[in-house]
Each structure stands twice: as structure tokens, then as C-alpha cells.
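Shown here is one chain on its own, the form predicted on its own, set out as C-alpha cells.
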């Protein structure tokens, strides 16, 4: 999507943050804020996964709950919005499908920056059609402040040389928050306030999610 600015058309720049968001937590939101600011993006699109292939053997909370928790978490921030593209897709969902759909569905004049953690990015060769993905999508790799990035830097350089990939790095503080730990804490009756938005805490309590 192109917008007009000072009489000239400006290509919209969208960050794409996907994940199971089971549940979405404050570290996810912080990554989105940093990416938005450091790369001067127009919006961040949060995309809760439908049936993630890499978690096919693990139980994942119902997609409608994960979608609603994500929607509640970003409510009030005009720079964030949620896409249902993967939740509505039948069968397993792959990133290459999502990025192609985003490019085709009224976003032909937009640039997309797929936001991913450093560990996941170094395993990108296990992703479906990763070569095509690197060619059609810009990547934003999130690293932890003070971490050793030698392997990551070598991986990035390889993909830039082999595929002409556009890859950016952003650094964030090491926020020790994980969805796995949050689910465990809820199951054990522990407090998760300040780890996830208050509205998400309320939603989880209302529907008794993660208790069993």
C-alpha cells in the first residue's frame, strides 16, 4: 500500500511479527516497539499462527483464544494491528504462504520486514521454501544485548551473498519472559502480572485458560 506524502507516493513499510502467542507477553510487545522505532516502520502486523508445523506434536491453545489475547494486548496502539490470515487458513501454516498472501492482498506496493529471533533465524533452512522467502521478504533479526553474534553474523552474510537477502539486526535487552514459563506459572497458581498485559491476564482468568 502506498501513501501520498508531500505530493509524492511513499511505500508503506510493515513489520510482521508472527508466533503462536500462547499467550502473547510483554517481551513480544517490546520487540515490536523497538523494531517500529529503529527501522522507521509504519505499522507492525501481529499474526497469530493457525496450526504451526513446528509444534504439530504439541498442544497449542485454541486459535480463537490466541487471536483474542493478541487483539486485546495491542488494543489502543494505532501502530499495531492483528491479521487473521493464518488463523483462518486450513491445515498447517507456513511463513512463505503468509508473506505471499500479504504481498497479494492489497499490499503490492508495500515493503514487509519479517521479525524473528536470532535462534530461529539460524535455523531458517528448516523452513518451507526458505530460499524464496529470503528473496521476497526483508528480515529483522532480534538479538539480545551483549550476546555473541559470530554465528549469526556469518549466517546473515551467507544469505546476503547467496540470495541477495535484505537482513537487519536490532538489539533488545534480555527480557527473561517466555510463554512456556507463563503457562507453567498459571497452572501452578503463580502471579503473572507485569509479564503479560493486564487485559490478557483478565481474559485468561475469565476463560480459565492454562489451568489444566
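Positions refer to the first chain, counted from 1. Every value quoted in this text rests on a predicted model; they were computed, and no experiment measured them.
Just so you know, the form predicted in complex with a small molecule exists too; it's not on screen, but the next bit is about it.
Colleague: Using a 4.5 Å cut on heavy atoms, which of 39, 175, 68, 33 is close to the small molecule in the predicted complex?
Modeller: When the small molecule is considered in the predicted complex, the option within 4.5 Å is 175.
Colleague: Sort through 116, 99, 134, 72 and report the residue having a heavy atom within 4.5 Å of the small molecule in the predicted complex.
Modeller: Of 116, 99, 134, 72, the residue with a heavy atom within 4.5 Å of the small molecule in the predicted complex is 116.
Colleague: Is residue 144 close enough to the small molecule in the predicted complex to count, meaning some heavy atom within 4.5 Å?
Modeller: Yes, residue 144 sits close enough to the small molecule in the predicted complex that at least one of its heavy atoms falls within 4.5 Å.
Colleague: Indicate whether the small molecule has at least one heavy atom within 4.5 Å of a heavy atom of residue 87 in the predicted complex.
Modeller: Looking in the predicted complex, residue contacts with the small molecule do not include residue 87, since no heavy atom lies within 4.5 Å.
Colleague: Even though the small molecule is not shown here, does residue 180 get within 4.5 Å of it in the predicted complex, heavy atoms only?
Modeller: Yes, residue 180 lies within 4.5 Å of the small molecule in the predicted complex.
Colleague: Hey, in the predicted complex, is residue 120 touching the small molecule, heavy atoms inside 4.5 Å?
Modeller: So residue 120 counts as contacting the small molecule.
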